Each structure stands twice: as C-alpha cells, then as structure tokens.
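Just one chain follows, in the form predicted on its own, and it is written as structure tokens.
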C-alpha cells in the first residue's frame, strides 16, 4: 500500500460506515463526507435534539441494527477525517469540491467510494405541489429527526415497502393516520409468499405492519388510482378512484411516493459508465459484484448503486471496502468475501419479489392530464413534454431538457427526472431506456454564490 492512499467516502449511511470500518481496520485513514449532521443515513437517521424517545421508539424492530451502526461509527471517529453537514457538489481531477455552510474546500483523494443512497420517486398528479404534501422520506425525516408529524390527519399514498413502514411508524408514535392508499393491487401482494423462503423476517414484518395498521382502525386500500389532492392554499383532502368509483377523504397532510430512486449524479461526474436497470426503471452506474465501477479507483455501494435496502447497503459497503484493500495490495479475508457476495445475491433475488408485489404504475404516464405540473422548479407542465414530441420531434431526454428546461431547476431533475422519462417515453412510443438519462451537471445541488471566492484545500 502506498503512503499516498487516501480514500474518500461520500455518504455516512449503512454503506459508507461499513466501508470506513473496513478501511480503518487495515490502518487506512479515509475521509468521510455526509450532508447530515450525524451518521446513520436516512434509514437510521438520528435525532437533531435529544428527547425521551428510545432507539426502539425511533427504529422499531431495526433498533439493534441502528444502535450497532451508530456505535461502529462513533468507535472509528478518531481514525477518519469526518465532514458532517457537508455537500460534495462536484468531482474533478481526483478531488471533491465540497461546501460546509458558506465555505468550500477541495478534498483530494486517491480512491473514491460513493455511498450516496437514494431519494423518493414521485409521480405528479393534480394537487401534488400543495403545501402539506411530503414525500414518504420527508415524512420519515420529520418524525425521526424532529419528533413531529407532518399533519394532524395524515394519509399515506403510493406504493412500495416504505409506504407501510412510514405509516406504521406514525401510528406507533401516536399520530393520526387516516388511510394508507396503495396503488398496487392486493393480488400483487401474493408474490410476497415467494419471499418467505429468502427473507422470512422481512416479509413477516411487512405483514405485521399492515395488520397492525388495520387493527388500529387505519383504512388500507389497494389498487387505488390517485385523482387529485384538494385544497386552496394547503391540503384539505385526497380523491382517488377504486374499481371505477371515486372516493374522497379529508386530511391535512399527505406522505407520497413510489419506492426509491438512486442518487447517481456524483457517479456521473466521476465518469462512470451507466446501464439501464429494468427492474428499477432507471439508469445506474455499471459495477461488478465487489462495487468496482468502470472508472479505476471508483467504487459504489448501497442504494446509490441500485435499490436494495439497508441490510444490503451494509454488506455492499463492506465489500467495496475490501475491494479497495485488494486493489492497493493488502490481504483480505476471501472467505468473508464469499459470504458477502452470497448474501447480496440472495437480497437481489428478493428485490425481484418486492418489485412484483409493489409494481410501478405503468399506466400513469398516459393517464395524467396536460395541465399538471411536471417540473416544480421551472413550472413546466406535462403538456410541454407532449408538445415537444409532437411539434419538435423530441425523442431524447437531454434534448427535451434543452428545449423545455425540464430538469434545469434547483433539484437538477432529482424530483422530476423519473416522471419526465415516463412521460417522454409514453409520448413517443418508446421504452424508458430508449429516451436516455439526464446528464449530471455541477453543482449537483444549489450552493451559495459566494463560496467559490473562499476555496481552500483540505
């Protein structure tokens, strides 16, 4: 190993922490950067201010895993260079441009492990931009970090395992959950029976969440089609269609989302080659089983490499750390590597089961009306995409971005990108992979204009 080996890990969630642990155990001091004020990632997010809630209150059945991960990170803090509340907004010339508050710095690295995680995937429908509409992840952050609910009468809407988890967490915390509206059919849940052999504890826990919700009087509906969110200045109710009958329920807040999407902008800026993942209906960085990307010295682990969950993220973070050690000439435990790879393969197969149980609503793109806002940042409606296809012959996503400004706003397409792909593909009669992907541009998130004048090198 060269004395110049200085890895950088972006992300202090399950994948990033386990990768850091592996490197530290071999005498390497990595730098770890994370946007949150403390480690744990979204799934094991810590409180902003201490309160009376226990780990069991915060994380439920995952309390032991969360506590162990937090303890691991605390145990290696003096052997890493840790940058909390710090955003990596660009990668160039073997260095990361990062900003903390109003100060930016360049952090050089020899190797890079991207553990950037994922964010909610949302699909627009009438009223989705009203105050009081949160993503499922945003709803969870409010509960975990701040100890508050997003409203007094909450409805959770969408599909995916997170839908039931967040609703259950709200009920357990004492919040009033009026309904859980699942866009997938009840019959699709029968696929979960196949998962009992691969991940019995996960499947049974999911069944328990749904059963407890129903036992506490929460209306759980399946096969719903969102129609609109009512309200003048904020959420007042939600309307959905079920078996061709419209229903309305009063509420003052909605948690909404359709599974997750990988955060891949930094992998793009690092020069990694991408491949389309048909299961996730998204482009992801190409990687091998160890997490090596197509760029030498760049590794990726966790949900940023493809949606697989917290357990897989820990395993993949450890495997990426071991791959880095192998590549710098250090000895590794090949028996442990075999165990990690077998476990990751098993989880990947289980992901197929989850996708079948919580399918993407493929009819959405054709059913949404032209006047619904697609890109909130630039205030671009769905109809602008269809007009571009019809009037200007647009069949590629970055061409659409140039002509309509979809994806050019503050979120850089993180909120609207997946929906734009679906609308464009449907409008031109193509599959989602055929219309391409948005190319990442620095800064990947907004930064203060004045920070460039005060750049320093770490």
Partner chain sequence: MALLKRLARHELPVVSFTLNGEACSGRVGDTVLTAILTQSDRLRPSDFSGAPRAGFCQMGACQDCWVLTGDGGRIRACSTALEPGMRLQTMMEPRS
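Positions refer to the first chain, counted from 1. Here the structure is a predicted model, which is why all the values come from computation and not from measurement.
Omitted here: the form predicted together with the partner chain. The next part is about that form.
- Comment: 35-43 is the region of 60-68, 22-30, 419-427, 35-43 lying near the partner chain in the predicted complex, near meaning a non-hydrogen atom within 4.5 Å.
- Proximity to the partner chain in the predicted complex, defined as a heavy atom within 4.5 Å, holds among 108, 132, 84, 361 only for 132.
- Contact annotation: of the candidates 357, 307, 143, 382, the single residue with a non-hydrogen atom within 4.5 angstroms of the partner chain in the predicted complex is 143.
- Taking the partner from the other structure, the partner chain in the predicted complex has no heavy atom within 4.5 Å of any heavy atom of residue 389.
- Residue contact with the partner chain in the predicted complex: residue 138 places a heavy atom within 4.5 Å of it.
- With a 4.5 Å cutoff on heavy atoms, residue 175 counts as touching the partner chain in the predicted complex.
- Contact check for residue 246: no non-hydrogen atom falls within 4.5 Å of the partner chain in the predicted complex.
- Annotation: in the predicted complex, residues 376, 411 and 414 each come within 4.5 Å of the partner chain through at least one heavy atom.
- For the stretch 148-168, the set of residues having any non-hydrogen atom within 4.5 angstroms of the partner chain in the predicted complex comprises 148, 149, 150, 151, 152, in sequence order.
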